[in-house]
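A single chain comes next, written as structure tokens; it is the form predicted alone.
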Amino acid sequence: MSPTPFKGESSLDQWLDRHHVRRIRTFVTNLDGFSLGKYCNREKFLGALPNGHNIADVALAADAASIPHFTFWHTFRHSVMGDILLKPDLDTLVSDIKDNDLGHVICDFANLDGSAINLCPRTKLKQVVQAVSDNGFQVKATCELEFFLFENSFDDARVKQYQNLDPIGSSPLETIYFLRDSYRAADFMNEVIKRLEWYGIQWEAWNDENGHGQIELNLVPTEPVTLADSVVRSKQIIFETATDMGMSATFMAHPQRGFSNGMHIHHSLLSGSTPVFFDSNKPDNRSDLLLHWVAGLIDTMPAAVSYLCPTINSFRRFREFSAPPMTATWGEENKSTGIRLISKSPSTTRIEHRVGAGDLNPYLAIAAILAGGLSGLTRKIAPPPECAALGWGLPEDVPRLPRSIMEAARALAQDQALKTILGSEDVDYWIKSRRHDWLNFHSSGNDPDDSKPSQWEYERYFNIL
């Protein structure tokens, strides 16, 4: 029995009783952003607190096909395959909207003594947020989630090998904000919104996005770890809703020809309640702090691509004039650059980082972005000139962002700024995991230059991300 107050109750046991929870689903996110966990009975869950229950260490050290990383190692791992913990964050405990006996809780990977594992994506984001806080600032952030929605069930999509599926919509054109397409998706999204609200996930809007059958969901700005928790929970909700309604949805970056899934990440910095990116006494209201921060983002952007575009499939997005940015550039209200700056008023001043793919791990992506900004702030560097033109179709002598998983890994390996903040061992392990994916892709006889995603990509990403 828990003797301490919990969410307004006299104890955790009382909260579980009032919500009729008899089983708890633990929930953790691995390096690739996949949702892992266990269903525990109430006695086992309570008995394992505060450190949580055991899970094999390969949960954090395996690829998308659950093949363990045997050719490279991390210090958190045992010399043989052993156990680590899923340590619950009880502040994230909620009851299920459909199953009256079920609760959900988000966890961190932890060592058997309960201490943090630095490689854990959620722990890494906490560490970077703390580094920003140590410099006197708080972060507010939000994401735009893009996904494709199909009439076909997940089972049907798999039988069809993910080819010739039926995207939701009234038109085969790649329209945007088209209300007739939105109407076709409304029953699905109404159910998604109902579930989001049940779990306390705040949203602002959703709309028909540019791709055929594509939806965008906008979340309310909040603290970064809470935001990342909301993103992974939203993805799970969208998967479960699609399953329940006999449909399929995917955050796979490029599942079909045409536009792709991105995940734009907005953030701002505050000191107390005061926005610090805005300074009415400076040209264009841009504080010195903002310019240092932008400089760090631009300087580390080629390296950060590895976290923002983590899969083989992520890089199929990168085509001139097709929405994703191609260069490490920035500009005021410029949606063709890597960084879109909005600096018209204190309440709206923020940075939109537009590089991320829909298949990114939100914990690691936000950590990489904040680390880049913090590196610019601490080094007090100046950004390159603002891009006042379209960021696409620039002359060939303007360097492009990495165009493959290996190019991005090499850029990250050469970047000391991100390694300093994210930790050299953890960055090096991530790089090796990307090389591992590259080798698996090519060993399966696939061609990255093929105009269509490979079957290897569909089986690895469509149902899982």
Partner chain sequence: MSYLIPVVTSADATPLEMKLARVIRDNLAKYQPDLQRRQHQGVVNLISSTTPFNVTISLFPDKVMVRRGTQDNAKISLSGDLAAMDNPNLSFKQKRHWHHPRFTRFVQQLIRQELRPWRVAAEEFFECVHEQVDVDISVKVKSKGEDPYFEWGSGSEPVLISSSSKALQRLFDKQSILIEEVVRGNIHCHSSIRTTALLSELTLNRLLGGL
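This structure is a prediction, so every number in the text was calculated from the model and none was measured. Residue numbers count along the first chain shown, from 1.
Keep in mind that the form predicted in complex with the partner chain is not shown, yet the notes after this line are about it.
- Note on the partner interface in the predicted bound form: the residue among 38, 435, 42, 400 having a heavy atom within 4.5 angstroms of the partner chain is 435.
- Contact with the partner chain in the predicted bound form, defined as a heavy atom within 4.5 Å, holds for exactly one of 171, 115, 71, 190, namely 71.
- Screening 424 to 432, 48 to 56, 29 to 37, 392 to 400 for residues having heavy atoms within 4.5 Å of the partner chain in the predicted bound form returns a single hit, 424 to 432.
- Residue contact check for residue 407: one or more of its heavy atoms lie within 4.5 Å of the partner chain in the predicted bound form.
- Among residues of the shown chain, residue 14 is not one whose heavy atoms approach the partner chain to within 4.5 Å in the predicted bound form.
- Within 4.5 Å of some heavy atom of the partner chain in the predicted bound form lies at least one heavy atom of residue 77.
- In the predicted bound form, at least one heavy atom of residue 446 sits within 4.5 Å of a heavy atom of the partner chain.
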